[in-house]
Each structure stands twice: as C-alpha cells, then as structure tokens.
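Structure 1 and structure 2, given next as structure tokens, are two forms of the same protein chain, each shown alone.
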Structure 1
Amino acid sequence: MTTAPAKAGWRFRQPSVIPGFGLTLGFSLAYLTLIILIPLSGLIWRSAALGWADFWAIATDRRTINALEISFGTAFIAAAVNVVFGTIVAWVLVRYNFPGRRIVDAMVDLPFALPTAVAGIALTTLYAPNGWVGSLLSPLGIKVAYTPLGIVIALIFIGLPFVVRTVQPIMEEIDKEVEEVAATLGANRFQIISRVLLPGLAPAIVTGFALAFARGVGEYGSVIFIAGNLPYKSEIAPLLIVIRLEEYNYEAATAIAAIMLALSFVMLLVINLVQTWSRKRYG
C-alpha cells in the first residue's frame, strides 16, 4: 500500500549545495547591526529624549521645514533630470561607437572619484555671477549660484553616475535585433522606445532614480559652496544639522536628523514598491 507524500512545510531557507549559510547569515546580521542599526537606534533614542512637545516644536519650526523642503525638493528634481539624461548617456555609450567613447565612459565616473568639496568649488567658480557660465546667464536674468537652482545643478553632477551605471548593464543585454524586429513590424521610433525598450529598462531606471535621490538628500560637500546657505532660501537640512551641532544644541540636531531619516525611509519605501511592481509587470 502506497502512502501519500508528506507535504513540504515552511522552511527558513531553501536547500542548497553551498555550505556556510548559518555562518554567513550570522556575520551579515552582526555587521548590519553594528554599522547601521546601532547608530540609527542611538539617533532615535537621543531624539526621543526631547519629549514629544519639544520634538514637535523643532519639527514644525519654519526654518527646519524650509530646509527639509529644499533638501528633498532639489534632490527629487535632480534625480528626475538624471533619469532622463542619464538614460540618454547610457544609450549613447551602449548603442554607438565613436572616437573618444572610452574617454566619455570614464568621465561618467568622475563624480565618484572627485571630492565633493572640489566639485562644489568648481561649480561655484563656473556658475557664480562673474564665472564663465554665470556671466553669460546674468544678462538673461538667470542666477544659478547661491540659489536652489545651484543646488539642483550640484546634485545633478554627483547623481548622474548612479543612473548611468545602473541602466547601462541592462541596456547592454537588450539585443539590437529586438529593435530591428519592431521596426520591420511597422513600429516607429517612439513606439520602439516606449513599448520595447522602456519596459525592460523600467526597474533599472527606478533603481537609478532611488540611488541618485538618496545621495542627493544627504549631500553636503558639493552643495554648501554653491548654495549660499541663506536661511529660508538656500539652506539645506544637513547644513542646519551642522549649525545646531556648532551651537551645542545636540537635541535639535538629532531631531532634524531623525526627521530626515523618517522621510527618507518613507520615500525609499515607496520607490522600492514601485520598483517591485515594475519588475513583476515587465520582468
């Protein structure tokens, strides 16, 4: 008499021929706890010592709100711009061979290697009213340096590689024959891009946007030189935290940092949900 096979129950991990799961998992959890969880827990604990009334007073202070709006708003705009132009740069590097292509490819990584303070000084020199670019824009009534526009340009500079290097490998996996087949079936250029290429690139584009946005929110070195750091106009949240620390107001500094942490977590969670949805839909 045959017996029915036993139903497979829930398992913590799938069977694998690769040994060392317990050791590597324990090391990973310990490392993440020491490097990420403990510092963040200390930040939350220090801000919680304020009490709800004091914390709410700092969170609703007009200067704090304005600094957060500038930091998150400029980071979002810069990341959105990088999604468009970063995808175009990745397309050019993947689809075309031209003289100096390797040099252009290497220049994309320049913001990774360049110290952020150097980038900020260079951008300020260019876009100041008496700079090479700023002197051309001033007669048109366009002021870049010491305005939120200057912050956006600085964040575009440091965030571009995140989009390009995220989209480029995925784009290399898409064969040119796919575009040629779509063209032979009567698709125009816009249809090829919107219906053939973008669905496959969507998860990578969302990932690049998330990385560029996260980098921009916490950027400090390349921004303080070109921002002007004027309260209520071009003051970013990381700078406000430094100011509170210099005033020995550690509670206010940790409160602002905790607010930035919570807002960043919510926005990245939304981005990850969109990314998961796009992967399920487009593969």
Structure 2
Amino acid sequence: MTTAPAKAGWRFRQPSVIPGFGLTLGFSLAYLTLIILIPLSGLIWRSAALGWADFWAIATDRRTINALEISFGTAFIAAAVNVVFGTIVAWVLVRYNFPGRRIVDAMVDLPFALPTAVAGIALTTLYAPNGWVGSLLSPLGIKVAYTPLGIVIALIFIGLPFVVRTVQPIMEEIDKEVEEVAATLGANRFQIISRVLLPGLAPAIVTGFALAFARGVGEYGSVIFIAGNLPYKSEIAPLLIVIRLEEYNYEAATAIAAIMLALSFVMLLVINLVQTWSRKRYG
C-alpha cells in the first residue's frame, strides 16, 4: 500500500483494514431506499402533482385547519405538562432513595412498551363519565373523555418517558460540588435550583419537550378512542388523513400529510436553534 495520505484529495471513505464496507453500506442503502425513501418521496411527488390551487384549497379548508390546530395545540399542552411533571419525576428518581425505586424507574418506560391502542381503551375507560377517574371529575363539571382534554391526557401518557429519559441522565451527571459552592456563597435551596440547576438542565428539558411534542403531533392509536372525534372540535390531523383515505380522497390525505411533515420539520428546526442557543447561553 503506497497511498500517501499527503496527496489524498477528496475521497469517499478513509482506508481501513476491516472488510465488508461495500456489502454492508450497499445493503443498508438499498434497504433504506426501498422501505423509507421511495415511499416517502412518493408522498412528496403526489402532493407536488396536486398543483398549488388544489393544495391551497385543501390546506385552508376549515376542517383541515381545525384538525391541525387541535393536533398541534393538544401536543403542545401535553408536552408542557410533561416538562413540569417529567422533570419532577426525574428529580425524584435521581436524587431520592426509596424502596422500589428500580421498579418505578422501569415503569416510566411503560408508554414506550404498551401498544397505543391498549393505552387508548384503558384511558378512555378510566376517564369516561362512569370510569374510575371520570366519575370523580364529572361532579366538578370536568369532562375529559370525548373532549380535547381527553386528547391531552392521552398525549401526556405517550410523551412522559421522552421528557424523563432525556432529563434524567443529565441530572445524574450534575456535580454536587456546584450546589455546595452555591450554598457556601449564601444561596438558598430555591436559588440553587432556579439559578444553578435548571439552567444546566435547560437544553435537556427543551429536547425532551421537542421529542414529546413531535410524538404527540403524530400520535393516533391512543388518541382516537378518547377524543370523541367530532369534526372541527376533537378531530386530530392523523385521523382526518385516515378519514380522507377511507373516502378515497387520496389528494386531501396526501396534502394534509405533507402539511404535517412540513410543520413538524419547521418545528424541529426551530427547536434545534433554541437548543443551540441555550447551549451557548448556559454551556
């Protein structure tokens, strides 16, 4: 081998004695292209073929707008709730020692493991007016099942582990000496938490929020049972896609899907920027 690194210009890959690059990369790319890229570009191609006027008509349809508002709005509220409670849960798991901590910790992953349809019917049964929780809330005039509030409940369930699992490892890394130093300098516990700990956790919290939000926007299985699915009121965007498909209205289904993908993409971009900014700001 006489390849002098000095005169190596652009090169696709760096030399290595390990075999199998062509085979594994070739297979991976072929599989990725067949399963993910071709189908997804089919979606983009179909929505591009719609033409601007048709696309605009579908996008500005009252029902489409309402469905998108409900999906993004409920996902936002649920992710915000999860940021508060998820951070508390992570704190309790990291800092406090109590019997059964391991089990509680494992339980946090339940929403990852439990099929969404199961979560959907379980939550609906709980929050229905005659359910265990619903019967406690209905005398107070709070209706959860078959309202947008029910959607929020389902999305809180779905999003919780995203926040806890993003924040928890960063909390574990916090050096206690930082808190001790702050305390010796005269800060009280509240000041330490709000001025010292939370800023360090901010990027992780933002990431957890983003993941929970993104997941909530697209969530279908756990929501459709509890939502009531009233057009304009409690109909989420993924359900509207399914309804349009069932009407063989492929154009509308494609357009709504393309809008959802574009909005999620923009959102992730914004959150990425916020994250970069907060990392710079708080280190």
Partner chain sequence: MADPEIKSYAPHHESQSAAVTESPTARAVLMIVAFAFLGVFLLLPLIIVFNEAFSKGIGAYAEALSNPDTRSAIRLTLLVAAISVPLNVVFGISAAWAIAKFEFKGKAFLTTLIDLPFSVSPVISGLVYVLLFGAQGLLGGWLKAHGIVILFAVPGIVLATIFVTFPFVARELIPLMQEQGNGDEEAALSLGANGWQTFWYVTLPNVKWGLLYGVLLCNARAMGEFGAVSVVSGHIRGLTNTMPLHVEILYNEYNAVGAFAVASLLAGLALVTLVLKTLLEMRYGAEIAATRGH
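Residue indices: 1-based, along structure 1. Note that the structure is a prediction, hence the values are computed from the model and not measured. Basically, rigid core = biggest C-alpha set you can superpose within 1.5 Å across the two forms.
>> Pick the form predicted together with the partner chain out of these two and give me its number.
In response: That would be structure 2.
>> How about residue 232 - superposed on the rigid core, does its CA move between the two structures by 2 Å or more?
In response: Stays below the 2 Å threshold, so no.
>> Once both forms sit on the same rigid core, is the C-alpha displacement of residue 176 at or above 2 Å between the two structures?
In response: Result for residue 176: yes, a 2 Å-plus shift.
> Do you see a C-alpha shift of 2 Å or more at residue 65 between the two structures, with the core held fixed?
Replying inline: No, the C-alpha moves less than 2 Å.
> Core overlaid, residue 25 C-alpha shift between the two structures, how many Å?
Replying inline: Its C-alpha position differs by 8.4 Å.
>> Keeping the rigid core superposed, can you check how far the CA atom of residue 41 moves between the two structures, in angstrom?
In response: A shift of 2.6 Å.
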